[in-house]
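For reference, the chain that follows is the form predicted on its own, supplied as C-alpha cells.
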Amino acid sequence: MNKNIVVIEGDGIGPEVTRQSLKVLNAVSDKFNHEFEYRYCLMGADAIDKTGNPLPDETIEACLNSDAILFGAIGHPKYDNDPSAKVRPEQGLLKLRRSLQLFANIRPVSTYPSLHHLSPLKNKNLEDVDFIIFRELTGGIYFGKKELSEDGEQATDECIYTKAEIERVAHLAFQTALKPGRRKKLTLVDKANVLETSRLWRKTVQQVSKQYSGVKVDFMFVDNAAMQIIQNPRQFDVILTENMFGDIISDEASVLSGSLGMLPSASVGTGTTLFEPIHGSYPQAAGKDIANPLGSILSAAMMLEYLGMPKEANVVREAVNWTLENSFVTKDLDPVNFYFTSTIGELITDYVNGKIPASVKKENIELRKSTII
C-alpha cells in the first residue's frame, strides 16, 4: 500500500518525538511491504522564523493533497511571553484546522498498570479506564470575534456555535459509541445552566440521539465532569463536548495515564486527517533527548488504523505496551532510571521488526542505543 504523508515537525520537542514515529513507520513499511512517501512542511514558530508566516500556503496545499498528516507540536516562549505579538505560532494551527475543516478532535484515554503509581489517583480508580473524548475543533470561543477596547481596559471573546456544527461532531461520537469494544454510552459535557451555546448543544444532541437508540446518553456540567474524571473515570465511555471544554478536560485526563506525553489524538473532518500527541512543544526539553515520544508514536498507530492498516497499528501498540511493562521509559515517567527519546524510538522499531525477544536484560541496553547484545 502506498501512502503520501505530510510531516510537520513544528517547534520545541516536536521534531524529536516526530522522528521517533517516523522510525516506527519505516519499520512498519519494511515489515508489511508498504510505501510511505513523506513531505516535510512548515508550521508554527519554525515557520514564522523561516517565512514570517505561521502557516505557509505551501503547507496547506500539501496537506490537502496528502493521505494523512503527522504533526509534532507548536509554540515558543518568545511568543508565549509576549501578549502583544501580532503573529503567533498557534494561528497556524487554528488556520490549518479551518482550511482542512478538521471539525473533530478524538482523544482516547486509557491507563497502563505499570504507570499507575505515577497518577495521583488510587490504583482501584485507574483499573479498566478506557474512554474517548470527542472535542469540537473549529467553533466556539477560540474562533469567535475578539476585541480589545481602545484604552486596553476591556476585552471580548465571542463564543458562537451553529446547530450544523454540533450535529456533525455528534454523529461521529454516537457512531463511535456503537463500535465493537465500546459500551454504547455517550456523555455530553456542557454548561447548559449558564451558557446559551451549551443549551443549543444539549438540545441538538438530544435530537441527534433519536437516531442512535442503542446508545445511552447522559448530560454533565463541565465543572462536575472535571471532578468525575478524577473521582470515577471508569464511568465514561464516549465524552462529547465543545472546543474549550474539550481542550481543558482532555489535558486533565492525561494524569490518568501518568503523563501528558502518553496521549495521542486525531483531528478529523471532511478530508485529510491530522494525527498528533496532545502535549505542547515543551521548549525546556528541546534538544535534550528526554521527551516522551509515546504520544506521537501512538498517534502514528491511530494514523495506520485510519489508513486501513489495523494489524500494523496493533503491532505498534503492542510494542509501546512492551516498553512500558519492561520499564523502558523516558524521564517524565521515571526521573532516575530513564531512557532517552531516541532509545525508546529504537526499541519500538526493533520490536516491530521482530528483533526483540520476549524477555530482555536491561543491562544489555545502552541509554542511547537499543542494540541487544
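All residue numbers are counted from 1 along the displayed sequence. Keep in mind the model is a prediction, meaning the values are calculated, not measured.
What follows is about the form predicted together with 3-isopropylmalic acid, which we do not show.
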* Establish, in the model of the complex, whether E9, D49 and Y79 all lie within 4.5 Å of 3-isopropylmalic acid, using non-hydrogen atoms for the distance. => no
Practice prompt. Check whether Y142 has any heavy atom within 4.5 Å of a heavy atom of 3-isopropylmalic acid in the model of the complex, and answer yes or no.
Written response: yes
**Asked** in the model of the complex, does I74 have a heavy atom within 4.5 Å of 3-isopropylmalic acid?
**Response** yes
Quick one: does E90 come within 4.5 Å of 3-isopropylmalic acid in the model of the complex, counting heavy atoms only?
yes
Should D247 be classed as touching 3-isopropylmalic acid in the model of the complex when contacts are defined as heavy atoms within 4.5 Å?
yes
In contact with 3-isopropylmalic acid in the model of the complex (heavy atoms, 4.5 Å), from 286-294, 150-158, 173-181, 134-142, is stretch 134-142
Those residues of 270-305 with a non-hydrogen atom no more than 4.5 Å from 3-isopropylmalic acid in the model of the complex are E276, I278
